[in-house]
Structures are given as C-alpha cells and as structure tokens.
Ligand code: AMO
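Take a look at this one chain, the form predicted alone, written out in structure tokens.
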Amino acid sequence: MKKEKRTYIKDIKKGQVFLQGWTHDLRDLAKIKFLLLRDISGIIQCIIKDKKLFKKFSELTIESVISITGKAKKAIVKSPEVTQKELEVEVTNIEIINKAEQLPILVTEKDKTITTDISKRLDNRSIDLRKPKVKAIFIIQNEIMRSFREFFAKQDFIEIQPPCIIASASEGGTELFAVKYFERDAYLAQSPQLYKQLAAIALEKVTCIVPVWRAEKHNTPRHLNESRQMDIEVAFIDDIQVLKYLESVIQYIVKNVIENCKEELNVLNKKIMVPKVKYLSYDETAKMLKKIHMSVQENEEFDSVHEKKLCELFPDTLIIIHSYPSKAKPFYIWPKDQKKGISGGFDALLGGMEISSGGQRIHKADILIKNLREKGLNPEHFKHYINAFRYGAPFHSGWSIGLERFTMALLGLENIREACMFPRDRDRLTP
C-alpha cells in the first residue's frame, strides 16, 4: 500500500496559500527576509518583501510555531535544506501561535562536526524528534509495524492483546519488575509467550505487538528494559515451518520500507536491501566459529561477538540458527530429540545482532512439568498454563521480533535508544 504524502500547498484559493509549522531557520538580508517553515512533510522556503512584516519577522525565534498566508510561486533560490524544491511562498501575513524560548539542543545542526550527546538529546526528546534524521527513523519504524500487521492480516491471523501484568515469570528467571496488585504481588510481563500459546491452541493463528519489560541490570547500546515485540503463534506447524513466516515477513517489511520510505532512507543516507536467508543448525554454526578460532561454550547461546562475526560472514542475510541444545532454551521449547538434547528452538540474526527467537512449543502437560522441574521452576506457579494443555492442545510454534532491535539492525544504528522514542533503561525513567 503506497502511503499518501502530505504536502504544504494544500489550501490554494486564487493563488493564496495557508501554512502552519515550525520556524526551521531565519535569514535576514536587510531588504528581504527568508524563513524556512517545517512540518511533517518537509521544509519550504518563505520570502518576506513587505516591510510591514519586518517587525513581526524580528520577533520570530527558531522553532516558534507560526501560521503563514502567502502566494505560491516558482522557486528561484533553492536552499539545500529545502525539500519542497519547486515552490516558494511570498508571505502576506504571519501569526505567531507559540513563540519558542532558547533551545536546550539544536534542531538544524548545520555543522555536521557537532553532535549533541545522546543523553542530553533524550532529556529533550520532544525537540530531538523534530530533527529530520530522528523523524525519519520513526517514520520507518511505523512502516515496519504497519507492514507486519498487513502481512499477517492477509494470512488471516487474529491479532490478540495479551495482559501486561502477570502473576509469575513467563520465561523463568528472576529479572522481573514487581508491582503491587491490590493485596497481591504481581509482575510486568517479560513476554506475551504463555498467553499467545493459550490463544493459539484455540484460535490457531494469532499475532500481537506488545510492550515487554526485563529487569536486567545491563547498560549496553543494544539493550532496553522496556521494549516492544512483534509476535506470532501458530497451531499445527513445527519449528521449521514457522520459520517460513519469519523469513517471508522480514523480506516483506524491508521491501515495503524500500518502496514507501525513499525520502526517509535518503535523509539517513541509508541504502538497504531485501535480505537473503541462510539456515544453519546450532552444531554447524558452532563448528564454523571454531574453525575461525572463536570459542563457543557448549550448550550455550551465541554471544554478541559471535552474532556480529556471523553477520560479517553472511552480509545482507537473515541468518536463522535452528536446532539449539535444550539446555540453552526456555522451559516451554519442545525437545525435538531427547537423546541428543536438541530442541525445536531457534534464533535469527540480522545486521550484526539477534533480532528474533522462537521455536516449537511443548503441547503436552507431562513433558511441560518435567521441563519446568529440570529448569529449577515450580510447576505450581504455572498451574493455569499447564492445565490448558490437558484438554486437547495441538502442537504449535511461534517467534517474536524485537521492534527496536530490528529497526536498529535494518538502519545500522549505533545505539538502540535511537530506535526507541522514549527509552527506558537502568538509568532513565523520564521523560
């Protein structure tokens, strides 16, 4: 679906135009004044020749919100910042809607050698979002989510809304944010995992986009404590079959970003490609890494150094690593080969990092209880979940894609906070 592009010149009556936006830049050339006006569609040049308006021009500040009436004309002087190249506006009236005070951070950043510290930018995120490059990231992220939903709607998936407050850990472990729930203790969900399974064993094909929370005390350029996941869960298919959905939706999303976000990719100076797909078993991947003298811990997931190296070996490729050791995966992953200790779990890498994980799930109560105990978890804490598989549950599989991780990988961003509008990490709880 091609997106409709908003334009400035949207209200023309007998040559008169009415514009509203932010004052992006001001240039005073004595007998003529130049004003660059910005809104979500871009930047247009406005010219003030009427001396009656010079006083009003002198009152303007950068980022003041204004409305302008004027005449649209063919552009003569074309500033490099201007995105509306063909037209300019000769101003006949200016009204100040809200005058901006001195800015704590720059929006224009004309001097490319000056970069504002990311912490200060995040402290002033509502201003930071006005920057063309920052805005471009979130327009692209919007396209990622829109395309994800569109793809699975066409496949007749049902979108669900799992709860975000839960009674016990979704995936085991202790990295949970505790909350007071009336007279009881509860937690912020670290995953929609258990609930999307409960939905899939009734509705067959489900999808969701949800926030998740993990109380891990890390502080790295690729981790957040609150993030968003794009998930699916499907009945009557195994781990390899559900991966076909993963590779297809990733390619569909990237294709749509290339087609529908040309201007944003140009602003970011990014050229992206629809990724190829490479399947590797866990054992094949471990042997490959050992051949290039990279140590791999037995029965452990690959670390960030391994992920980066694998993506260097297979550039512009979605790398899918399947058949993980059962010891490396959560309690709900199906034991595909119990004798060899191989599970139906997998991970997917793109752009130097893991962007997705999933697998075939356990659909039998007795095996689930056994796995919980082996992982050191108490089956009593998962009673409602376990009981659901006693009443005719089909085998099923699913995965999740980290929205911020995927955005970061696709655009080659250096810090995941660039791909999160209002990040939450160990040190940041505002704005």
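Just count from 1 along the sequence shown to find any residue number. Bear in mind that the values here come from a model prediction, so they are computed numbers and not experimental data.
This protein has a second form, the form predicted together with the named molecule, left out of what is shown; the following refers to that one.
S.K.: Does the named molecule come within 4.5 Å of any heavy atom of residue 416 in the model of the complex?
M.R.: Contact with the named molecule, yes.
S.K.: Test of understanding: in the model of the complex, would residue 322 fall inside 4.5 Å of the named molecule by heavy atoms?
M.R.: Answer no; every heavy atom of residue 322 is more than 4.5 Å from the named molecule in the model of the complex.
S.K.: Since only the chain is shown here, I'm wondering whether residue 45 would be in contact with the named molecule in the model of the complex (any heavy atom pair within 4.5 Å).
M.R.: No, residue 45 stays farther than 4.5 Å from the named molecule in the model of the complex.
S.K.: Might residue 38 be said to contact the named molecule in the model of the complex, defining contact as any heavy atom within 4.5 Å?
M.R.: No.
S.K.: Just to be sure I understand the contacts: of 191, 147, 285, 84, which is the one whose heavy atoms reach within 4.5 angstroms of the named molecule in the model of the complex?
M.R.: For this set of options, the contacting one is 191.
S.K.: Since exactly one of 355, 253, 206, 243 fits, which has a heavy atom within 4.5 Å of the named molecule in the model of the complex?
M.R.: The residue in contact is 355.
S.K.: Report yes if all three of 116, 131 and 428 come within 4.5 Å of the named molecule in the model of the complex by some heavy atom, otherwise no.
M.R.: The answer is no; none of 116, 131 and 428 reaches the named molecule.
S.K.: Looking at 220 to 228, 93 to 101, 138 to 146, 313 to 321, which lies within 4.5 angstroms of the named molecule in the model of the complex, counting heavy atoms?
M.R.: In the other structure, the partner sits against 220 to 228.
S.K.: Heavy atom within 4.5 Å of the named molecule in the model of the complex: which residues of 313 to 352 meet that condition, in order?
M.R.: Contacts from 313 to 352: just 332.
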